[in-house]
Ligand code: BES
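Before any questions on binding or motion, here is one chain by itself as structure tokens, the form predicted on its own.
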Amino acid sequence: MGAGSILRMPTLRATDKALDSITADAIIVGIGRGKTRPLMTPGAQALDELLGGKLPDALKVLSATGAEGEVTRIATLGAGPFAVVAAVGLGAPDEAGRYSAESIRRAAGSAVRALSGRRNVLNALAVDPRSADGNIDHIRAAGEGALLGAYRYMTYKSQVPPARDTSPARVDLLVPDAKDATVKAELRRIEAVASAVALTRDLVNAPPNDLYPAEFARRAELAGKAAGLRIEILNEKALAKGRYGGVLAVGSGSDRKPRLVRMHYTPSGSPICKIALVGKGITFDSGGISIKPAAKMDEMKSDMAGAAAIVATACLVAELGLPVELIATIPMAENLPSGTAYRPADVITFRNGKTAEITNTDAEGRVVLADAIARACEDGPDWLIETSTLTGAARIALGARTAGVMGSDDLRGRVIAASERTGEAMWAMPLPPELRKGLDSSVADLINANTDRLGGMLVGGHFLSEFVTDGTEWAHIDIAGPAFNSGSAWGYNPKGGTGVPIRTLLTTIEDLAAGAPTG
């Protein structure tokens, strides 16, 4: 491992001081996209007064438009307490002149990334009382966007980057009342969420030679114990004794044996409900005997993104002390071809006694998840949420930024409603009954993959549903698209692991704890 390391997340503070009494290396203000010129938000207007009315002219000279994600940097040359102004585009407002929380979140991420090398940044994106989502939602978005946008993964760099390439050390968030208890609680939540997302990104970005099943389990254990969770790790012998045929089959081709991690959180008082979380943890997916094409196979280190998100979410729920009992079940395996690998035509027996004929060893995620879901249902949860980079078909149907959600109507609706509030794009998908027939096998209960590629994402959901106990409310989130960003950084999302769907999972769990109705 190189001398570099994952850079420390910026410190987040709240301030309600007047702009002329705040000292910072840079200030972030929002501008909207107008028909003929950028639109000034309250934060930009306050700064303009401080600069003597020169901001609009400076923006015009630099051809700023206010388009979403556009960052225009302006040197103030001593005209005010900030050396640099970062005017970041929020896009066009709605008919009432308001901007969504997600536009604020993305703007904050883009601006912080553009201010590399600045030690202290004042973020004035959350001071608009006309917020379409309520002022607290704008505070949350501005804070989350800034911290998530500052993320850098530097573990394997041999040299520590120069100061000009590092993220700010501190972000001050301009708010109406810094002493308000709600604001203070929100800042604690923002920092906890950002830390959980950073943990997930770190795990997803780690190379598979260093993050194999046993090591992934060890890191999950360290994080879980630090959060006060009870941890159980099943090695290959315990998996065999526990009849986890799917996990063992997928992991059989690798010298680095599979694991299954159980993380258990109980609140200090009586829990409102019991929630089961399940996540797919394939630390590297070559496709096995049904080997993948070489192109972009390096990105298959991210096939454990669902498991990483579940590890971090379990720790986050404990850190926030939510009044729920939560049990995470996380299968971990490496899918490689070898003389001991599982084969097409093999028949696998899962923990709940069901059997599947293997028709494609590259449809391995559902094979390990079948065991995990069956085990999770034995705990008798009120709600079960599973997330995984399950199908390439999800990317084909929904693109690289939107997840598909399947399951029982009630919980699926809650997850979608939560995703709309967090800005993690998701779309409700059906489970058409006619597609279930494509999983019929002449020699076992099921086949693991249908040769007909039509509706592949939905067929994957049908397979998982076979292992959910009757009457259990459940949701499956296919994050094959948004879990890993193959392109350039955008908004608050870096290249590589994104941390999706942690914020949606947390918001869903908070809603379940509060007894919120279906969205």
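Treat the numbers as computed from the prediction; the structure is a model and nothing was measured. Don't overthink the numbering: it's just position in the shown sequence, from 1.
What follows is about the form predicted in complex with the ligand, which we do not show.
A.B. asks: Heavy atoms within 4.5 Å of the ligand in the model of the complex: does residue 144 have any?
C.D. replies: Judged by the heavy-atom cut-off of 4.5 Å, residue 144 is well away from the ligand in the model of the complex.
A.B. asks: Should residue 477 be counted as a contact of the ligand in the model of the complex, where contact means heavy atoms within 4.5 Å?
C.D. replies: No, residue 477 sits far enough from the ligand in the model of the complex that none of its heavy atoms falls within 4.5 Å.
A.B. asks: Spell out, yes or no, whether the shortest heavy atom distance between residue 303 and the ligand in the model of the complex is within 4.5 Å.
C.D. replies: Yes - in the model of the complex, heavy atoms of residue 303 and the ligand come within 4.5 Å of each other.
A.B. asks: Answer yes if any heavy atom of residue 292 is within 4.5 Å of a heavy atom of the ligand in the model of the complex; otherwise answer no.
C.D. replies: Yes - in the model of the complex, heavy atoms of residue 292 and the ligand come within 4.5 Å of each other.
A.B. asks: Name the residue from 205, 110, 391, 252 that puts a heavy atom within 4.5 Å of the ligand in the model of the complex.
C.D. replies: Going through each option in turn, the one that passes is 391.
A.B. asks: Would you kindly say which of 259, 138, 106, 366 lies with a heavy atom within 4.5 Å of the ligand in the model of the complex?
C.D. replies: When the ligand is considered in the model of the complex, the option within 4.5 Å is 366.
A.B. asks: Decide if the three candidate residues 280, 362 and 449 all line the ligand in the model of the complex, where lining means a heavy atom within 4.5 Å.
C.D. replies: Per the other structure, all of 280, 362 and 449 touch the ligand.
A.B. asks: So if I measure heavy atom distances to the ligand in the model of the complex, which of the stretches 382-390, 402-410, 263-271, 208-216 falls within 4.5 Å?
C.D. replies: It is 382-390 that comes within 4.5 Å of the partner.
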